[in-house]
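Only one chain is included here, represented as structure tokens and corresponding to the form predicted on its own.
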Amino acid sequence: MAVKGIPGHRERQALATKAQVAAAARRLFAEQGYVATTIAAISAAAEIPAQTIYSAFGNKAAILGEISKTWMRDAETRRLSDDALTADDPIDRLRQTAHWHRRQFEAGYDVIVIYQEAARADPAMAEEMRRVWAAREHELTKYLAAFEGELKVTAERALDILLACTVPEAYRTLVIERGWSLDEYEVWLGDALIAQLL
């Protein structure tokens, strides 16, 4: 018998199955591409029957959604952004902003690449990606409101700068292509935000 708030055996089993499928799919999507990866291939890699995967998820897009949830949890995005908001000093706030973006890329740059490929191939995924970016923009707008009276640019320009500095392409260029360490990337991002916004 399940205790309220604590998952029972069946629920734990279902969660474990979802996690196993998502982990296998994430590897395959990164190695073979989202489009080329089939449910049958995920089934073989996860050692979970294809019918179970269809029952649990329905399609690859839902599996990618589960991968994204795992990524956000592992990156501790919510906690780190909340910590940044509570910093009294605007410089500390922007340094923490750089840290939370570094953690997002460190924990899930591969997931971003998968989403980008899926969006190019599937109009529904393209719409989902637009929705995610719009939600991110909305959250960053709310975040920048904490800097009221502290920024040297308008709120709209501050948002533009924050979005430009934290695009995945900047991370890819500096860390993946140019070989910067994650610490170097984080310091650069913090310095850029401080110089541009304060």
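Keep in mind it's a predicted model, so treat the numbers as computed, not measured. Numbering starts at 1 and follows the sequence shown.
Just so it is clear, the following notes concern the form predicted in complex with another copy of the chain, a form of the same protein that is not shown.
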Since the chain is shown here on its own, which stretch among 25-33, 164-172, 38-46, 56-64 would lie within 4.5 Å of another copy of the chain in the predicted complex, judged by heavy atoms?
164-172
Although the partner isn't part of this model, could you tell me whether residue 195 comes within 4.5 Å of another copy of the chain in the predicted complex, counting any heavy atom of the residue?
yes
With the partner left out of view, is residue 50 within 4.5 angstroms of another copy of the chain in the predicted complex by any non-hydrogen atom?
no
Should residue 130 be classed as touching another copy of the chain in the predicted complex when contacts are defined as heavy atoms within 4.5 Å?
no
State yes or no: in the predicted complex, is some non-hydrogen atom of residue 178 no more than 4.5 angstroms from a non-hydrogen atom of another copy of the chain?
yes
State yes only if every one of 137, 160 and 188 has a non-hydrogen atom within 4.5 Å of another copy of the chain in the predicted complex; otherwise state no.
yes
Among 73, 79, 120, 99, which has any heavy atom within 4.5 Å of another copy of the chain in the predicted complex?
120
